[in-house]
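In structure tokens, the next block holds one chain alone, the form predicted on its own.
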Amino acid sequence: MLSPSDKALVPFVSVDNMMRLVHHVGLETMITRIADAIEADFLRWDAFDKTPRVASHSDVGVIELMPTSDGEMYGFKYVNGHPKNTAEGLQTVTAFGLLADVQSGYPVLLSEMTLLTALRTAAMSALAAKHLAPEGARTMAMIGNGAQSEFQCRAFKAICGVDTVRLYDIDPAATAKCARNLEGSGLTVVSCTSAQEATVGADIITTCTADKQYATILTDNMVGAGVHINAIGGDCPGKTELHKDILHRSDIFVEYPPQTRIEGEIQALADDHPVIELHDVFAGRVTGRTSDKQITLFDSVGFAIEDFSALRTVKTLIDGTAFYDDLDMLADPDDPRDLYGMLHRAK
């Protein structure tokens, strides 16, 4: 058996190694590092190829590819969203991703992204809120207590200074799970019996539900002046979480309008409804929060640059560690033109 050459090997971060890496770095530190990378990449927005993700929809879910490149590195993520999976003992969302060198086209990192997507989504939520939430915000309503919820809560604690979370889910077991997992996190956790109860006293409202349908998780009367809304559950055509009246009262901030208008809350509005791009806020070209009465809404759908940022963060963090395996992934014949010869010699 021929041993693979160094050129054939690609660093691979498995689920096990990703968990070990997160514990090694620290969960909140990991989220903060990813948020810093996202902000840095959004500040060089024009360097990136940008396209709405490529989606394949079915009656039960969606499978998507999310590609981008900054001209030096290329990255993509494969991700699915199947709300029915939970009832079958499966994850609603699974993902993996890859980084490659543009000059050679050779992959330089392959990684699980089921955990990493949760970390990235939380990092992006808290990063947006850092620029948009009311000053001194300390209480967040977390509506939807599934797989993303604990990551969101920890991210808002680490990046925005949130110290109290008010939890609600239509499934009380999900709320109990989230509350249990947040024990010892430094957060004060309040379990609520309705979405309206969860929003009482909240400076920030995060909605994160999985049903693939138009829904009204927040009604207009739940949202008072000065609140920041982090709407992360609506992320495909035909799926929203907010009553339309909330959108008309809010200043709406988005990642990439051509994608958000298809997938986000704003799919319920006219195509020319004004929105503000977050990269302009991060760069100081546009002011995010302008008054203590303003309602700000981050209409989050997730964008490929954020995954690129997360992958490059992982690539940096695994350097010199044991938190990856070398994967024999690339053919490396003695003569680049003699791939057949390489196959023949393996007999």
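In this text, residue numbers run from 1 along the sequence as written. Note that the structure is a prediction, hence the values are computed from the model and not measured.
Omitted from view is the form predicted together with a further copy of the same chain, to which the following refers.
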Of Asn80, Gln267, Thr164, Gln196, the one that lies within 4.5 Å of a further copy of the same chain in the predicted complex (heavy atoms): Asn80
Among the candidates Ser191, Thr219, Thr139, Gln91, the residue which, in the predicted complex, approaches a further copy of the same chain to within 4.5 Å (heavy atoms): Gln91
Triplet Leu127, Val200 and Ser309 all within 4.5 Å of a further copy of the same chain in the predicted complex via a heavy atom: no
Segment that reaches a further copy of the same chain in the predicted complex - one of 267-275, 221-229, 109-117, 251-259, heavy atoms within 4.5 Å: 109-117
Distance check, Phe12 to a further copy of the same chain in the predicted complex, heavy atom within 4.5 Å: yes
Contact flag, Gly146 vs a further copy of the same chain in the predicted complex, heavy atom cut 4.5 Å: yes
Contact test in the predicted complex: Gly105 vs a further copy of the same chain, heavy atoms, 4.5 Å: yes
Non-hydrogen atom contact Leu65 with a further copy of the same chain in the predicted complex at 4.5 angstroms: yes
Residues within 4.5 Å of a further copy of the same chain in the predicted complex, restricted to 20-43 and counted by heavy atom: Val22, His23, Leu27
